[in-house]
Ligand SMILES: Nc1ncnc2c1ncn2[C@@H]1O[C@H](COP(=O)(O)OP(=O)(O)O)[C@@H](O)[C@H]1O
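Consider the single chain below, provided in structure tokens and representing the form predicted alone.
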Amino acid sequence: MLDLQNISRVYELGGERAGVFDISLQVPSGVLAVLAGPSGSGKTTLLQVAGLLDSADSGDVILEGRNVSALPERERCKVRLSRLGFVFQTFNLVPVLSALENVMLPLQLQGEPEAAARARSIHILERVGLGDRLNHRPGQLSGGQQQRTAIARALVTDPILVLADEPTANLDHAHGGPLMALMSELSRERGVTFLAASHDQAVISRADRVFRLSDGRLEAEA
């Protein structure tokens, strides 16, 4: 489903070369996969390339058999909006919008009629356990609730791939474990692939596939 072929993305950090170097890996459909490794190992860089948020210096991103890394930016944007979902460690919710309005936003960007967008958003928010928090703004939600809202927003467009960057980094253990259990359930239930970057053992232990990175290179996979 996702095939990263010989990906390199190199930049300078503190006078030294950093990034990822000649990484190839395949993520099958409907699994929870994790890019694991310590800070600075290249997890986020590789995730951003996979999600078309950044361009590789060399190598190809193949999604559903299509080389999406070679597309012009306008087409890459369409792929991000229609085929990909994103979950960030800082939640990235719009603070002046309610949970429902935040989840509706990508559907509205796609041109979905408001009534249909509202119905789909309510359904997915109820699925992640926030049916009683629809009209709460992010500041009125706990960290775990904000991240569940972000997951609902990522899933509402029915993407084939959701990319999550350190999804439990701002959550304590009591919320991180249940969040990963939810992501694992949703992966199986909806047939969507999750690719997360994390060094959190609670995340890694839930994974169907683990790709271990070290110093920008793929060290092992299991």
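Position 1 is the first residue in the sequence shown; the rest follow in order. What you see is a predicted model; the values in this text were computed from it and never measured.
Although not depicted, the form predicted together with the ligand is the subject of the following passage.
- When the ligand is considered in the model of the complex, T44 lines it closely, a heavy atom lying within 4.5 Å.
- Using a 4.5 Å cutoff between non-hydrogen atoms, G177 does not count as a contact of the ligand in the model of the complex.
- Although the partner is absent here, N67 is not a contact residue: none of its heavy atoms lies within 4.5 angstroms of the ligand in the model of the complex.
- Although the partner is absent from this view, G191 stays clear of the ligand in the model of the complex, with no non-hydrogen atom inside 4.5 angstroms.
- Exactly one of the stretches 181-189, 56-64, 154-162, 35-43 approaches the ligand in the model of the complex with heavy atoms within 4.5 Å, and it is 35-43.
- In the model of the complex, the residues of 18-36 lying within 4.5 Å of the ligand by at least one heavy atom are, in order, A18, G19.
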